[in-house]
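Form predicted on its own, single chain, as structure tokens, below.
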Amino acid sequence: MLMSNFLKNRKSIRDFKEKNVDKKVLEELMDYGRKLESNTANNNFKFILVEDGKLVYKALSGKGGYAGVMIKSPHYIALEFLDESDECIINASYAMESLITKASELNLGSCWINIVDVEEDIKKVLFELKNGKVDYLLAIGYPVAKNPFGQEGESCRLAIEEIVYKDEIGNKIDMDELENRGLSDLFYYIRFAPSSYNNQPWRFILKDDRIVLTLMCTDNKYSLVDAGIIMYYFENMAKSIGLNGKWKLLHDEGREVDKVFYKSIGEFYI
């Protein structure tokens, strides 16, 4: 799959057919999920498949989703955090996007669902949790066909100059430098990565030998889920231009720049 095309055209599916996914397809998807679990340091997250989508939808209607509007799908995959560390949340959300890519290859639609505010007792029973925590689900199923003549609204995307800085936050990047260093296409496409409510909280600081991923504080918090998502797409887009590095997580307390708080999440050597 050409990652640039997938990323630019990636859309969350909110309308699913009332048809169960073939069991072999679900098994292939979950087998891939198990590999993601085992290949991640510390094995600190887990995917939980709930095949009975009606059960989940009934339990979470009016409680989870977008402003209490639950997405109805034939199946759901719960993302269980096995500890509360930043590393766990970042690794798990990175893996969830990899699972979404696999689902797309299997011709399945998907959609992240936020259930942070759902009562813990409900989630424990619904997903048979013991020590872990579930704040996010993935709705999975066959998407309802779209009207080919209908128009879809374009999501507003920040310009490259608004998300990439030179050496420090606030220092605007010279586009010629990105072009000369072969990074302009990478940052063009990475703008299309999904984020919570399309907040696009990520900022990149280009240094001589590395790129630092920084999160902007929105709604008085740093979205580590958005960090994991952008790190997944960044690494895969980087591979397409011959950069085969991996993000190294940083332990930053955060800082204020022009009355906005930022937290450095990771660095990628180039």
Ligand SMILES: Cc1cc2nc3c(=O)[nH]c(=O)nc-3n(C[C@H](O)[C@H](O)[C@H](O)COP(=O)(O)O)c2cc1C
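Start at 1 with the first residue shown and count on from there. Everything numeric here is computed off the predicted structure, so don't read it as measured data.
Omitted here: the form predicted in complex with the named molecule. The next part is about that form.
Between the named molecule and the residues Tyr94, Phe127, Phe187, Tyr136, the one pair within 4.5 Å by heavy atoms in the predicted bound form involves Tyr136. In terms of contact with the named molecule in the predicted bound form, the residue from Ile77, Ile89, Leu108, Ile113 that brings a heavy atom within 4.5 Å is Ile113. Every residue of the trio Ile71, Val225 and Ile229 has some heavy atom no more than 4.5 Å from the named molecule in the predicted bound form. At a distance threshold of 4.5 angstroms between non-hydrogen atoms, Ser104 is out of contact with the named molecule in the predicted bound form.
The named molecule is not drawn, but in the predicted bound form it has no heavy atom within 4.5 Å of Asn180. Using a 4.5 angstroms limit between non-hydrogen atoms, Gly33 is distant from the named molecule in the predicted bound form. Taking the partner from the other structure, the named molecule in the predicted bound form has a heavy atom within 4.5 Å of a heavy atom of Ser196. Heavy atoms within 4.5 Å of the named molecule in the predicted bound form belong, among the stretches 233 to 241, 197 to 205, 33 to 41, 53 to 61, to residues of 197 to 205. With contact defined as any non-hydrogen atom lying within 4.5 angstroms of the named molecule in the predicted bound form, the stretch 83 to 98 contains no contacting residue.
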